[in-house]
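So this one's two forms of a single chain, laid out as structure tokens and tagged structure 1 and structure 2.
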Structure 1
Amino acid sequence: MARVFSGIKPTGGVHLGNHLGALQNWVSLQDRADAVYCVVDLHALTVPHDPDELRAATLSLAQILIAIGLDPDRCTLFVQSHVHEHSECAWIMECTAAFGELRRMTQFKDKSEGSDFVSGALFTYPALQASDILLYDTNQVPVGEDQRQHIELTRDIAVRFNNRYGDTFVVPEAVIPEAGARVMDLQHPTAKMSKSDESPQGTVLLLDEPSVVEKKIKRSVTDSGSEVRYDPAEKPGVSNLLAILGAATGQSPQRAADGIERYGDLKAATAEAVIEMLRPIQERYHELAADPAETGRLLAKGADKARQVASATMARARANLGLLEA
């Protein structure tokens, strides 16, 4: 059975882009593959953070992941910092990635520009991500479009390591959905929807109340003209709504446009589809949030399962690198 691995950062709340671009695939892949999913808390340390907020966000994110349909009995769900091999392997990845490769990562450019403090780890972050993936002999990585470059780098690192030191890592590939791979900000439809607090009205969070979801979608920016058609270059606002509607209802954005004549109808249909998609998730989340100790137990079990695979991979990597046995 194929091994699937993916991760999500516990920062700023889970939004519709995360869900449609990645998490929906996480849920469906858990029945078709040996799936390993990780709340990547170490990645959240690359930017200045509040410790109490990080602790709360990590737990809450794990509960959201269970609420969307991840079943800790059918997949491995754990917190990155609970499995020490991630940091250990990251060093080896840093030693295998070329400086020039890291410098070409567009996410580093986006995230560092205009920041008061840019950590060294923000630059080497893709090496930690490669470590996350390669530790699990991963075949497939379900992600949104914005992670494609990081998965390509992971592949290059795996191939280079294997060529230098012998077969050690499986070379993974990205799994990116047809609809929802790049959900755009509702207020600025040429920028991707993101966790940053910069555009709260443009970002629908999975835990937003139905009335809030409705308001955000109904006030979304549309385009000149009045025709409803999927054309991201000419009609970014309308196309974004069609992509959201399509991804929320399991059809292509082009099909989602069938029978919708006016912008107002498109907004109403999209809001309704998103609210209906989120309703059961929110109900389940509130049940889980009432019992944090149970989530803690599930995550500890997940970390035990993850550690077994990760420690075997690390043992192989250490031996092949020529590190003296302890």
Structure 2
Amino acid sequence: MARVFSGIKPTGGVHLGNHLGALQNWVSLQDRADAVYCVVDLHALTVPHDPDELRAATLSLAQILIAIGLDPDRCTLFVQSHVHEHSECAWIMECTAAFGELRRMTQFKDKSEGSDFVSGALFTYPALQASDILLYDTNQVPVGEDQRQHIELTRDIAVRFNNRYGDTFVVPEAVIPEAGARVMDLQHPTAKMSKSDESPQGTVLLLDEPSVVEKKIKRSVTDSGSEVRYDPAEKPGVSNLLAILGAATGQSPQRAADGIERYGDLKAATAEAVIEMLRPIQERYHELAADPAETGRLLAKGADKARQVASATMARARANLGLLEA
């Protein structure tokens, strides 16, 4: 089976858009690929942060990932900082990437603009991202269009290293996953739902209480007119609710509209479906949260599996670079 790698940063809450747009695909990939999933906590260090909050967020995110269906027996699930090869390989990636390549990264421009403090790591973090991918002989990286530039840089670094020092890294491919639901902000339905704090009422978090989920969905923005139909261009608010309802009930958005004639009924049906979809996830999450030692055991098991692959890759890289053996 092809090896697949994906990572997620422990900043902000996991929301409905993450789950329906990407994480459900992570779950299904466990049985179709050799899947490696990583909580990329080192990437969270590129900006000032509260250490206690990062520690808690990393643990909570791992518990959410297990709760949605990631099975440590069917995939490799671990925390990035638990495998020291990520940091070591990142330095090699920095030595292989060109300054001009890093300077052209559009996400650096977006994230640094207007900031009082811009760390060097924010500039070089694509090298760490390349390290994350290349350490595992990754064949495929499921990404959205916004990450394609980073995968192209990773490919360029791998090819350049292999040409200079001999065959070392597998050159990965970016893969656009099977289309998941495109979940938009409930208050701004022409913008994607995001982790940003700018629109808390427009974002449904996976751990929101049922009453909160219901309130957010029932207060969602709809459109002029009264017809319930799937038409993202003309009726973005209604179409967003239909996309969510369809994803939560295993239907197409068009089929989800059948029999619904009023906006109020659409909101009620969507809220009920989302609450029922989230119920088992939240129950499993609370079980894990009550026993953090078990989560730690599962993550240690994943780190051991990851380290076996990462250490072999780094041994090749060190030998090919000419580094003296210890």
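The term rigid core refers to the most C-alpha atoms you can superpose between the two forms while keeping them within 1.5 Å. For residue numbers, the reference is structure 1: its sequence is counted from 1. From a predicted model like this one, the values you see are computed outputs, not experimental measurements.
Next item on the list: Assuming the other structure does not fit, state which one is the form predicted alone.
Entry: Structure 2, not 1.
Note to self: I want to check L299: does it shift between structures 1 and 2 by 2 Å or more at the Cα, with the core superposed?
What the structure shows: No: L299 shifts by under 2 Å between structures 1 and 2.
Next item on the list: Determine whether the C-alpha of P48 shifts by 2 Å or more between structures 1 and 2 once the rigid core is superposed.
Entry: Shift at P48: below 2 Å after core fit.
Item checked: Rigid core fit then N240 CA moved by 2 Å or more between structures 1 and 2 -> N240: C-alpha displaced by 2 Å or more between structures 1 and 2.
Notebook entry, point to check: Taking the rigid core as the frame of reference, how far in Å is the Cα of V221 displaced between structures 1 and 2?
Noted result: Reported C-alpha shift between structures 1 and 2: 5.4 Å at V221.
Notebook entry, point to check: Aligning on the rigid core, what is the distance the CA of G259 moves between structures 1 and 2, in angstrom?
Noted result: Here the C-alpha difference is 8.9 Å.
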